[in-house]
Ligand code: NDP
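A single chain comes next, written as C-alpha cells; it is the form predicted on its own.
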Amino acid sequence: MSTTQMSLEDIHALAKNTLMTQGCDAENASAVADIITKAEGDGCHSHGLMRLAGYAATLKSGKVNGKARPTITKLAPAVVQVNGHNGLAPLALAQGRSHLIDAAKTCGIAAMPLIGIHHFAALWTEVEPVAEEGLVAFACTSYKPAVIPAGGNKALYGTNPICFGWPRKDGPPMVFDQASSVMARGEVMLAAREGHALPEGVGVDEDGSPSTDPNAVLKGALLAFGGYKGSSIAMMVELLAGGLIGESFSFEAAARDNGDGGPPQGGEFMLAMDPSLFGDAAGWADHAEKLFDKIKEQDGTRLPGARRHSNRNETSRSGVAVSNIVLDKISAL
C-alpha cells in the first residue's frame, strides 16, 4: 500500500480545511480535526483521516449542522447535560468537559449525558483528558444495529464501545477503549480497504453465514465478543447511552437515519469520579500501581494504551504514513 508521510500539523490542517469546505464552521472543524489528528498520531488509523468521508457525507446531506453550538444544562449538582443540537460530537465534548470535571471534583462523582450529537470517533480521545485531570473516567456510546444479540440472527445492537481511564501519578493515564463486538467496525472497514481477510469468528454475511470477508461482514453483521457476555455489555451501553438519558437505541437511530454513510444522531454517557474523595485520599494511586506492576511482571503483558503512547512519541517526531487511498478520497471531496 502506497503512503505519504505527513506531520501531525499537516494532518490537522487537512482535516480542518476539508471539513470547512463541506459546511463546518472553524470551531466545529477544529474540534473534529483535533480528534482525527490524535487518532492518526496514536496509530488508530481506523478512526483518523479515513473517517473524513463519513463526516463529509453527513454535512453534504444536511443531516448534521456543521455550525451547531452546544448548550450545557446542570440537571443536578452532579449531572451535567450537553445538548449538541444535531452537531458533531467533538465540540459538545470539548465544551462540556470542564463542567464534568468541576462537578466530579465537587461531588466526588458526576455524569455527563450528551444528547443530539453525531459520534464517529474513538472514545479514548474523550476519556484521556478527563483522566489527565486526576479523575477515574468512563464513557460509552451506541451506533446503528451492527451486532447480533447472543442467540439471535439479526443485528440489533451497535458496536457499542466502552472506555475506562485511570489516572496515574507518574506518567499518562491507563485507558482502554474496546467495542462490544469482537472487532470494531472501523477495523473491519480498514481491512476491507486494504484487502485483508478477517479472523474467524468476527462476523457473518447477509445470509447469516460465518465469513472472513470484511466486505461481506460489513453488509452482514458482527458478533459480540465472548458470546452472551459481550452481548450483555452491548445491551448495557444501549441503556446508558439511550434509555437513561432520553436518547435513541441503535435501532431507533437507524430508523430515522438517512443512510448517507455517516454517523446517526444519538447519545453518549460519560462518568467521572474523584478517587481522592472515596476514602483513600493518600493511598489510592500507589495502591493501583501495585496491580499494574504485577501485570507487567509477566512476560508478554503490557498495560492497555501502552502501544498508543509509544506510537505517539514516534509520530510527534517523524509524522504519520497516511494511505494514498485515503488521501485520494479526501482530495475528491
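All values derive from a computational prediction rather than experimental measurement. Residue numbers run from 1 along the displayed sequence.
The form predicted in complex with this ligand is left out here; the points below concern that form.
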| query | finding |
| --- | --- |
| Triple contact flag D25, L91 and G262 to this ligand in the predicted bound form, non-hydrogen atom at 4.5 angstroms | no |
| Among the candidates E247, E187, E128, E238, the residue which, in the predicted bound form, approaches this ligand to within 4.5 Å (heavy atoms) | E187 |
| In the predicted bound form, the residue from A191, A221, A110, A179 that sits within 4.5 Å of this ligand by heavy atoms | A179 |
| Location of this ligand contact in the predicted bound form, chosen stretch of 226 to 234, 254 to 262, 206 to 214, 116 to 124 [non-hydrogen atom, 4.5 Å] | 116 to 124 |
| Y143 within 4.5 Å of this ligand in the predicted bound form, heavy atoms | yes |
| In the predicted bound form, A306 touching this ligand (heavy atom, 4.5 Å) | yes |
| Residue contact check: P161 to this ligand in the predicted bound form, 4.5 Å heavy atom | yes |
| 4.5 Å heavy atom contact, R302 to this ligand in the predicted bound form | yes |
